[in-house]
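Two forms, one protein chain; structure tokens for each follow separately as structure 1 and structure 2.
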Structure 1
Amino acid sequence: MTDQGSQTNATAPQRFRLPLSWLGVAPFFIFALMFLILPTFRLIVGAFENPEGHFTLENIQALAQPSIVSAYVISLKVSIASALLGAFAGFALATAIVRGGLPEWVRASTLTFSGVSSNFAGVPLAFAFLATLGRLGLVTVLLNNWVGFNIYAVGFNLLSFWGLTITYLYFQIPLMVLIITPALDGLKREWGEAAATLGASNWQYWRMVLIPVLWPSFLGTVILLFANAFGAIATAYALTGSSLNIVPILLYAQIRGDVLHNPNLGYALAMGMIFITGASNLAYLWFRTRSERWLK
């Protein structure tokens, strides 16, 4: 009886039990499925459908329209300009607080401000720049009254390519500081001591050691900043409205229900944006993996 009972228990099907450790990450997977994976799948399917739900390539072909191509070009220019300017300015700021010998409170306050300002965007950021650099903004009025210099008389316009780029720098520079600071912290002091022992100058140390080590992290962060700017819409729309034809604003016009209402074309526009930002993030992950090999 005992052997038979043991044999019965051995042959009984085992119940699958999900480890309790998975409960902690379950909300993340549910959130990603509902708000990332399923919407992305719906966008891709909708890009190949007409309003009646039938398969078509008209939406993809419509991406070649001059207005849409121009929107992509302007978006790419703004993203590249803000990413490069933000990366170099942020790198200089991060280098100063990590390797510049500044007091610790300067580093702490800079990183705290960077954490706040890197998430400050949308309507509040647009209003802040209008109140500062608009035609009647504080800085504009002060320059005109105290120095006699009118920035709008020399061609500056906040509601333009450079105006939007400067506005994006408000969150691009702090984001660069937050991402590149750990890479600068990972540089080993022994490398500098070894270079000095071998007679290398400070410029040679930077050119032959630090720059090659930091280059993957720097380039990967530039790509991440590019993707961050390319997908931004709230700040651009609140600042420029429809005066600057960038892809997020054009996409918003296609799906919000006005005279340009064409949700399937909007799906195609969104699919193009997903492809660009997705490729950018994959490139960032690849560069980050290369940089981690040196910084471990």
Structure 2
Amino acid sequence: MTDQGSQTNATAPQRFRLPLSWLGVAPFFIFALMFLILPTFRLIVGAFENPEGHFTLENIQALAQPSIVSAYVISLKVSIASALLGAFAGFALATAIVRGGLPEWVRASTLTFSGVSSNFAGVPLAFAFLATLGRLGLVTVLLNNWVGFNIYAVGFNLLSFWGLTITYLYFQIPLMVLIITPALDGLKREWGEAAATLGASNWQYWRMVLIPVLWPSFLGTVILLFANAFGAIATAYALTGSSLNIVPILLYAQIRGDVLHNPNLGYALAMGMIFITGASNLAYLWFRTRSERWLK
């Protein structure tokens, strides 16, 4: 087509011609370079530089110090726990609305609500959980008044690993529902019928067909949820302040006040985050391609 023509013309010796069709996407690429790619690239380069601008691996090695390692560990724990719990709960909910024979309004309202709550993150979400499960929250108070059960006396704390995980589930579960519902819709009724006529029990059908078919979508979504939780900061920061030492909060503190006393170590910290979310997204894409191939 025309763009190929202009591409070859631009390199041809006879006469310089501006490749006009590229002009149409130039603003986008300039924007992407300036506000997405170069800033990220700058950090990655910075991660391999010492303050004098020379190449070094010291920053990467410095990530191994205990305070940073523990931040990564807590971050990974919260992200993995909220991704797995969110995935299983979301899967159960999606299965209920797709295959449970519930009325249509249940499905429609669940999907609409999922759209809302998957976007209801950040600071207000933390407020909602503080008002519910905080020391003076409704559930805490009611449990104490009605059944005399003080959840804080048995070691629960909203400003902790489990508190953060339960809070994250509020956007993780709906996200799972939104992503996995189309995959469940893609399961054909005829597969079940074919399996039944071939003598398979319901459990054999799940074990040999449904679970293997859904596995890539499921795993892919778990990874997506993981990355989603790993990069989140606003909810955690509003909920726990800086009392819970997760990577984004550490990075936030580093950006504000260089708490690590080494700007380049901050770059390495950021690069570690990109590495983890990037790798998990690649894995997600790989799984998605697999499941799309099957569910065509």
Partner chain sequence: MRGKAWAWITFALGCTYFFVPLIGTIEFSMRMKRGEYSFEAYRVVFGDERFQATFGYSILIAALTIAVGILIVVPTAYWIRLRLPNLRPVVEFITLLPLIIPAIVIVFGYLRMYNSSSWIPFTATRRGTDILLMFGYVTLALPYMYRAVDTGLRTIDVQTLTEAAQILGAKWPTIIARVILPNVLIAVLSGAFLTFAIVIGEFTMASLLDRPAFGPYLQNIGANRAYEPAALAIIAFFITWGCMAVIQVLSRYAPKSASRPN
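None of the values given here were measured: they were computed from a predicted structure. Superpose the two forms; the largest set of C-alphas matching within 1.5 Å is the rigid core. Sequence positions of structure 1, starting at 1, serve as the residue numbers.
**Student:** Sort out for me whether 1 or 2 is the form predicted on its own.
**Tutor:** Form predicted on its own: structure 1.
**Student:** Superposing on the rigid core, do we see a C-alpha displacement of 2 Å or more at residue 30 between structure 1 and structure 2?
**Tutor:** Yes; residue 30 is a residue whose C-alpha shifts (by 2 Å or more) between structure 1 and structure 2 when the cores are overlaid.
**Student:** Once you line up the core, how about residue 237: does its CA shift reach 2 Å between structure 1 and structure 2?
**Tutor:** No; that C-alpha moves by less than 2 Å between structure 1 and structure 2.
**Student:** When the two forms are laid on each other by their rigid core, does residue 228 show a Cα shift of 2 Å or more between structure 1 and structure 2?
**Tutor:** Stays below the 2 Å threshold, so no.
**Student:** After fitting the core, how far does the CA of residue 58 move between structure 1 and structure 2, in Å?
**Tutor:** Once the two forms are fitted on their core, the shift reads 3.7 Å.
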